[in-house]
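This document starts with two versions of one protein chain, written out as structure tokens and named structure 1 and structure 2.
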Structure 1
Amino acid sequence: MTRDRVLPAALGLGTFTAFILAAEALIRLGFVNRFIVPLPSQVAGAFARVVAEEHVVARFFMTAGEALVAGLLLTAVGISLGALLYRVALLRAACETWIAAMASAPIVLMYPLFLVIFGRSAWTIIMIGFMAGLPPVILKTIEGFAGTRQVLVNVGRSFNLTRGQQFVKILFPAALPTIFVGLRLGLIFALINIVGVEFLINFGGLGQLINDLAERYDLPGTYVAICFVILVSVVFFEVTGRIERWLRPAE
């Protein structure tokens, strides 16, 4: 079992290392122009400089803060709208396909419109993140409530619970794992769009850092900043994935 996991992981890491070494060799030998692709060793050497000089930690917290505000808005608005649509069946039948269509719409391309409305500020970034993450939260909230086992609802009724108590004690806890799946998807969409819009409008945290360094033609620095964004995405993806798995057995 351990061998089944270790050998593939070793192959993956080994291939990655071989790729980096091959890139280093090709650039040093002049097969690849070092003014277009920086040496991997230069990129590795630039990490400390970028962290110290470009205030990476502060930028990370700025991006995280924008994602947090977008996440809070998603939680409050998305779950409320999902609960409303679950309760009012006619409204749900009318709107659910629209919300699903909104999920496939290129909302981030509305960023120039948001720039006009909110100005070149964090709110533009937050609102784009919020809008992009909203459809999965609403749809998964509806799915979570609709998927509550009838026996649980009947138990609540047998205890003469009011509609409010039924919601708080039965429906919401039963739907929570599915709602969290939606929140996780929504947060991933929000984070992708937040960093993307930071890069596009040259404002904010890690996304702006990439744009800044690219405009200064600091190639190793640009690659380092890209690595940071990938790292943040990986950590975020992994942490929310673990929370999701932790919530699942409660179903």
Structure 2
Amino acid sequence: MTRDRVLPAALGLGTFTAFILAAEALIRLGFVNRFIVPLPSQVAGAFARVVAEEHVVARFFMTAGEALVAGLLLTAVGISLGALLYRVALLRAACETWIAAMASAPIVLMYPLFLVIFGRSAWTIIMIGFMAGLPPVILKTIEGFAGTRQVLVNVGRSFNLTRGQQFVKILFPAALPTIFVGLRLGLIFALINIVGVEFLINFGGLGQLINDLAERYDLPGTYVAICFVILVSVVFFEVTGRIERWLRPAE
């Protein structure tokens, strides 16, 4: 078990280290323009400066908080709507195609409308992230429930389970892996749009920091800010993974 965990982690770390060393060499040799991509060593050296001078920790928690609220909304609304559409076949036939189409819509371009509704505030950013991440959660929830093996449903009926008991004891546990895939996809879409809107409206968080550093042409600092955005994503993926394992202790 330990070997199964250590080897993938070691391989991933080794691959990442090799990529960084190769990028450093290519930039120093002139194959990559250092006015577009800074040296990884410069980026590493800029971490302390950005943390000390740009209030990056507070910005990190602001972006993470917006992503957290959007994620909670996605979980509550997305799973509920997915379950409703699974139960009501007519409603599902009427709406599923539109929801799938919404998944490819550039929601971020609607930020002027959200600014009118919510003002220049964190709620504008949260709601755009929520709307962008909603379609995959709904679609994957439907897919998870619809993919439940019929034999499991038949066993539940043989024990005279009510519809509510079937949902709690059979449908939801069987659909859980697919639902979490949808939640992760939704969080990806939400975080991309959250950082994008922070950048566009220049309002707090890591997106505003990226905008500020880019306008100053501080390339190493800009890449440091992008690294913190990646860190937000890593934290949420780790948290959702732990929650999924907690909900499925038998596995």
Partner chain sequence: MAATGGIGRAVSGPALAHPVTLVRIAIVAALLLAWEALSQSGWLFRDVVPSLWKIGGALGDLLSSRDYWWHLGWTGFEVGAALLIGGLSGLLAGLVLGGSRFLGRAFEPFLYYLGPTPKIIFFPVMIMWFGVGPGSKIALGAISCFFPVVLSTAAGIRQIDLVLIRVGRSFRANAWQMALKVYLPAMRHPVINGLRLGLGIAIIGTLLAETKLSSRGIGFMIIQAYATFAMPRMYALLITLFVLAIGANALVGRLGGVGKRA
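Please note that residue numbering is based on structure 1, beginning with 1 at the start of its sequence. Take the two forms, superpose them, and find the largest set of C-alpha atoms that agree within 1.5 Å; that set is the rigid core. Being a predicted model, the structure only gives us computed values, none of them experimental.
Here the form predicted in complex with its partner chain appears as structure 1, and structure 2 shows the other form of the same chain.
Fitting the two forms on the rigid core leaves the C-alpha of Thr63 displaced by under 2 angstroms between structure 1 and structure 2.
Core-superposed comparison between structure 1 and structure 2: CA of Asn202 displaced by less than 2 Å. Annotation: Cα of Phe189 displaced by less than 2 Å between structure 1 and structure 2, core superposition. With both forms fitted on their core, the C-alpha atom of Val224 sits 3.0 Å from where it sits in the other form; this compares the forms between structure 1 and structure 2. Here the rigid core is superposed, and Gly12 then shows its C-alpha moved by 11.4 angstrom between structure 1 and structure 2.
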